[in-house]
Each structure stands twice: as structure tokens, then as C-alpha cells.
Ligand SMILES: Cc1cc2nc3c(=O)[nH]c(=O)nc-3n(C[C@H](O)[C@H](O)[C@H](O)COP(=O)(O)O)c2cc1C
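For reference, the chain that follows is the form predicted alone, supplied as C-alpha cells.
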Amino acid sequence: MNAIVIYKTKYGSTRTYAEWIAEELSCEAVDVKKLKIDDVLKYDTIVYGGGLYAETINGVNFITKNMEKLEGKKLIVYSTGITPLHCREYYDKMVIEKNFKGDIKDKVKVYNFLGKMIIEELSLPHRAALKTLKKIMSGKENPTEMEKMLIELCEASGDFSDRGAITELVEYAKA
């Protein structure tokens, strides 16, 4: 297999997953900042990872804006974040539809992994966004279950990364 794992990370968990996946696939993990699209065209399998911020996969446009050039490649995208894995309906509807317009979602296999969020390590804008989100959700008279979960997530500090979570992605890449 001729593969590459590309990632864009802000707080480190996306890079951690990229390194784990690359190790399992016996290939290289490279920060997207070091690449141009022409650098990856020689690979048959391209794995891209980015953190999840407001339902947007960080840097995924590296893949989506180059779909024509990537035609015929096995394309795999993963995101890292703290959205609980039992929220597949939310993830599939909101995240996949937001990031993969039109028929792109049919050409890319997408995975979501738990990452880390250490409140003290977040940038000021990210901490402010969490505080604002929590305030908005907490002020609702009858919050939905999703809104209640968002309130809890605003306080979820820790590293939830799990190497075992990559198994399905790795198996798909190798198939």
C-alpha cells in the first residue's frame, strides 16, 4: 500500500492520531502546512485528520477543494474532538453535511475520534467561545438533551484520546 497520513493540529491530539495511524500503515505522517496537493498525488491512500471546531474539520479543504485531482484515490478523513461517540446522528448530519458538500461525502470515508481539551491550554478565543456557548445554553428555559450535553462539554477537560479507536480506519485503509 502506498499511503500518507496528513494532519492539521492545534492542540496535539490530531497529530497523535496521525502518528498512530501512520505507524499502523507503515507510512509517514506529515503536517499539512508542509505539503502542497501535488506532493500527495503519488499516494493511492490519503488519510487526512483535523480537529473539530464548531462542526468544521480543521483544514479539510485541503481535500475538498482538490477532489478533481484526487479522483481515484482512497480518501479517508478523521476528526478529533470531544463530541461523544454516541452522538453519531449529530455527527453524521451536522459535521459530514457541513464539510462534504454534494457528492464529496460519497467519495470520502469519515471517522471521528475523541481528542483532548485541556481548558488551561486553550487559546483565549477558544476559551471565550466555550464560555459564551455555556452561557447561551445555560440560559435556555427548556434545553434539549443536545443543549444539556453541550453545557457539559464546555467543562470537559482532559485527554480522551484512544489508540484502539483507529482500528476500523486502519482496516479500511488496508482493504
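A residue's number is simply how far along the shown sequence it sits, counting from 1. Treat the numbers as computed from the prediction; the structure is a model and nothing was measured.
Below: the form predicted together with the named molecule, not depicted.
Interface membership of Leu124, defined by any non-hydrogen atom within 4.5 Å of the named molecule in the predicted complex, is ruled out. Contact check for Ile76: every heavy atom lies farther than 4.5 Å from the named molecule in the predicted complex. Though the partner is left out of this view, Met117 does reach within 4.5 Å of the named molecule in the predicted complex, counting heavy atoms only. For Trp20, no non-hydrogen atom is located within 4.5 Å of the named molecule in the predicted complex, even though that partner is not displayed. You can rule out all but one of 65-73, 49-57, 29-37, 135-143: in the predicted complex, only 49-57 has residues with a heavy atom within 4.5 Å of the named molecule.
Scanning 147-175 for heavy atoms within 4.5 Å of the named molecule in the predicted complex gives just one residue, Leu153.
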